[in-house]
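Listed next as structure tokens is one chain, alone, in the form predicted alone.
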Amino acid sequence: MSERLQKFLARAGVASRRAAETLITAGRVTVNGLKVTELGSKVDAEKDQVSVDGKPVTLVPQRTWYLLNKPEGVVTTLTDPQGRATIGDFVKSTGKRLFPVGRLDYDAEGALLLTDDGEISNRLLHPRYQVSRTYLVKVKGDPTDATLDKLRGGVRLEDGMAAPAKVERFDKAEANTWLEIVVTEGRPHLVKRLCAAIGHPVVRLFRPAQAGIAVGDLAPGELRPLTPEEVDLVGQVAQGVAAPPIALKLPPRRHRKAQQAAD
């Protein structure tokens, strides 16, 4: 089955589709020994021999990707010696050997990717690539403009200075405030520690998307496989391409009596 050459190169992990197009037009790609520079060129992965800079390109085994809307009260591990609910409970339903891409705190909610693609997962998490992580954060009280400016400028934590890439007010919730906070590093409990450092502890933490894949209408505890286009997007984000903006919306209200006043 034939496909566009740039898509084949992206699937093989050579580069993102856009970067693959640059390789093609630069004359660095050959198909069956012949240089190909036309972007509309197609190849058959089972029959054609593709090379970049003289090195053969082979497809990696097809990987599996799922998106879970992680509910609160779930540990982001495959097993838990304390007997708490874990991500492993959701993985079982797929019938596949998957692991979570990074972590969300026990009481945090939202987008969590599950995969068997260790290479892409590592790139998404490695500090070198500074992949943005966007959170909607309900904090106690109503931070002043001066307080938010202090947070934007960076605060000193026990493991060094830290500064979000973005801090904006998102919504008001009675005595509390929803903030949009974007960070580009994965230190443990970073968002919670940042908010505590300015005197506004986190009441609720929600991640609306991961690597450009949004929770959307997925209910808490539901998961779904990624589409081929979404898998391609995750690969591009791992290569350093900025994920397209998504429309942020608050998670559903939680109905437990103890939390109704806070929500």
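A quick note: this is a predicted structure, and the numbers were derived from the prediction, not measured. Don't overthink the numbering: it's just position in the shown sequence, from 1.
There is another form of this protein, the form predicted together with a small molecule, and it is not shown here; the text below is about that form.
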Next item on the list: Choose one stretch from 150-158, 165-173, 77-85, 104-112: the one whose residues place a heavy atom within 4.5 angstroms of the small molecule in the predicted complex.
Entry: 104-112
Item checked: L190: touches the small molecule in the predicted complex, heavy atom cutoff 4.5 angstroms -> yes
Check: Hey, in the predicted complex, is F90 touching the small molecule, heavy atoms inside 4.5 Å?
Finding: no
Check: Is A238 close enough to the small molecule in the predicted complex to count, meaning some heavy atom within 4.5 Å?
Finding: no
Next item on the list: Considering only heavy atoms, tell me if V234 and the small molecule come within 4.5 Å of each other in the predicted complex.
Entry: no
Checklist line | Contact assignment for the small molecule in the predicted complex, among A211, V29, L205, V215, heavy atom within 4.5 Å | finding: L205
